[in-house]
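One chain comes next, on its own, written out as structure tokens in the form predicted on its own.
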């Protein structure tokens, strides 16, 4: 419990509303034949999970940058971690968004 009497674990929980928005953005931007709710939050986006390839990731990075007002670099070493899963991408957006 914090000083306000609220559980502190709430601070560690993912932003489910933003996660749903990001899942919908992925489906829309990449014209996927699945519903946003079918993207498992912890499943890999790249390769075996959702099956995205490097071109998909680049396209997604552009859309995310525009939608959330963030700068994403194609050559960033962080990209592997940022695009690891829907949950990882959502957490990154939540920390860096300007819109």
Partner chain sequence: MSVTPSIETLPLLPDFPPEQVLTYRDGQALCRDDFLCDILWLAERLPEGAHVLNLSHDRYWFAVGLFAAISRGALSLLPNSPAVEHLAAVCAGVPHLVCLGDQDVSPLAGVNYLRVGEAVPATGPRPEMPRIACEQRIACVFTSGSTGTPQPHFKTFGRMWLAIAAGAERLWDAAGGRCSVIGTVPLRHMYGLESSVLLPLWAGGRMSARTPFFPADVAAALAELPAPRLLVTTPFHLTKLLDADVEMPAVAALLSATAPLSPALAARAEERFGAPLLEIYGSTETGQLATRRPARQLDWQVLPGITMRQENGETFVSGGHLEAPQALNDHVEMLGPGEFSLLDRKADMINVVGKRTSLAMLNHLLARVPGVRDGVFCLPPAGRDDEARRLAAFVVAPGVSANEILSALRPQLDPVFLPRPIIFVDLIPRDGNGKVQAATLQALIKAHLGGDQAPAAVPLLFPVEHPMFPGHFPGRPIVPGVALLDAAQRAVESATGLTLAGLATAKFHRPALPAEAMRIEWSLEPAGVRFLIRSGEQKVADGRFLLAAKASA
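Numbering follows the first chain given and starts at 1. Model, not experiment: these values are computed from the prediction.
What comes next is about the form predicted in complex with the partner chain, which is not displayed.
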- Query: residue 53 near the partner chain in the model of the complex, any heavy atom under 4.5 Å?
  - Reply: yes
- Message: Does any part of residue 58 reach within 4.5 Å of the partner chain in the model of the complex? Heavy atoms only, please.
- Response: yes
- Message: Even though the partner isn't displayed, in the model of the complex is residue 40 close enough to the partner chain, meaning a heavy atom within 4.5 Å?
- Response: no
- Message: Just checking whether residue 62 would be counted as a contact of the partner chain in the model of the complex - the rule being heavy atoms within 4.5 angstroms.
- Response: yes
